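One chain follows as structure tokens, the form predicted alone.
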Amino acid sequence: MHARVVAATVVAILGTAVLLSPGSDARAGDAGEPTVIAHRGASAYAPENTLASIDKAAKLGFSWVENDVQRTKDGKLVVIHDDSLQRTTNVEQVFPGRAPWKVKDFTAAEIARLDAGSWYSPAYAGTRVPTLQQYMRRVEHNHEKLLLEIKNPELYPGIEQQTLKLLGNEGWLDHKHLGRLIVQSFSADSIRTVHKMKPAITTAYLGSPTAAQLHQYARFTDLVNPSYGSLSKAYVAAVHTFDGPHGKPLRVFAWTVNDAATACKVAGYDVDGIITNKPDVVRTALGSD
């Protein structure tokens, strides 16, 4: 029988403890060390989610970067993590009377005026919040691969369709680019929508579904990406038991790992990828320099 059916049957009959037995060594992906993904770019060394951050990742020799996509008041897609502009820009100084400074309450032109680098370091003064179009063009220029997170989709109805349209317009939905793209979200509904609209895209769910739920997620997601603190070797093995919508075992990217000891521990769980603000530290810890 299909691995998904077998695993679901085991769960149903014997409970999740069997699926999570430490003896399971199911493994997905290529042999060797986990893929290292630069979280919000090389965000320990440059302001997060900026062009400077993905440029830094490229200079450090990393091909995979991660970002967050949200939408402005006038319907433009921008790359920023928080739903507020407050933490990573000078919005309080530029627009002092507009608290709580939500992304969705500002136009793209207003956001383009903001300094998104000085909060991190004076060396990055004048850095801007990139639009998704600007970001995709820099990723292409750098020959990088992208783990794109649809952030807070409940705030932005239709953002999945809009994101896919932009990706298509930028040439990122052809066969060559699909191998360099993963779309993820904390919202299962959002990822289900992406899969339904463009089944060829590799998708990832951010979270830790129970073993009993994994067969449901395997219908629309190719990866399960949990916080490293919620992981165990047994859970990773359970995820690997299931085949995703493209007929390959589900993979696991763990986030956000920033020190050598944790990187080695998480790699020992047989994860397929490690998402990190310090990709060089993880690479060195795993001996892949």
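Every value quoted in this text rests on a predicted model; they were computed, and no experiment measured them. Start at 1 and count along the sequence shown; that's the residue number.
The discussion below concerns the form predicted in complex with a small molecule, not included here.
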Options 61-69, 216-224, 244-252, 229-237; stretch whose heavy atom lies within 4.5 Å of the small molecule in the predicted complex: 61-69
Contact flag, R40 vs the small molecule in the predicted complex, heavy atom cut 4.5 Å: yes
Any non-hydrogen atom of F186 within 4.5 angstroms of the small molecule in the predicted complex: yes
Non-hydrogen atom contact K151 with the small molecule in the predicted complex at 4.5 angstroms: yes
Distance check, H177 to the small molecule in the predicted complex, heavy atom within 4.5 Å: no
Candidate from R138, R128, H81, K76 lying within 4.5 Å of the small molecule in the predicted complex - any heavy atom: H81
The single option of L206, L146, I159, L167 touching the small molecule in the predicted complex, heavy atom within 4.5 Å: L206
